[in-house]
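Take a look at this single chain in structure tokens; it is the form predicted alone.
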């Protein structure tokens, strides 16, 4: 009879760190950007990290995420979705740590980025011009997964609308899809498919540099909920 193995004792709950980290996508200057914070403290001093931090005792992960975004960077999001839970044993040199990550979308903002006492600075990065080295923890992996999720999400939900102002033109919306997907979509097919969903409500026309007035639209939230319940997709 083989010798019995001694069962591994579970680690004490107090030795775990449970936090949230958020990847924010913002549409500015006809491109999509992500804000990163340079840490001023160890571990990973002078490295780029995502906004986030520990979840308080009576907080949900989502409320912690929203709180840290406003505290760390002064940002309020339009769309928030849980991404993944990261928990590699060596992701934090201090102790065992788990990160519940989110990705969020915000419309263009004129407000400058802010940062907390534990940070040296904050900066917007184009999604195709992110730092190649100098990342804190596993935050580079989190960002890469968020970009992949965002691109996949565009194939079945109109989440790109969350990056625009309340009123927008079809050319502005198409530009967002082109930038995120990294390809030039066919303009006529894009507009035809979008209009066929009934998700856009015409609002007003504005002067255009090309001479012909540009039609503006707003998103029909009620129509979207109806179509979603019917199981219809919205990809382009």
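From a predicted model like this one, the values you see are computed outputs, not experimental measurements. Residue numbers count along the first chain shown, from 1.
As for the form predicted together with the DNA, it is not shown, yet the points below apply to it.
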Given 65-73, 52-60, 180-188, 31-39, the stretch touching the DNA in the predicted complex at heavy atoms within 4.5 Å is 180-188
Exercise: residue 202 in contact with the DNA in the predicted complex, heavy atom 4.5 Å:
no
**Message:** Can you work out whether residue 45 and the DNA are in contact in the predicted complex, taking contact to mean some heavy atom pair no more than 4.5 Å apart?
**Reply:** no
* **Exercise: residue 197 in contact with the DNA in the predicted complex, heavy atom 4.5 Å** => no
Residue 226, heavy atom within 4.5 angstroms of the DNA in the predicted complex = no
Looking in the predicted complex, the residues of 28-59 with a heavy atom no more than 4.5 Å from the DNA, listed in order, are none
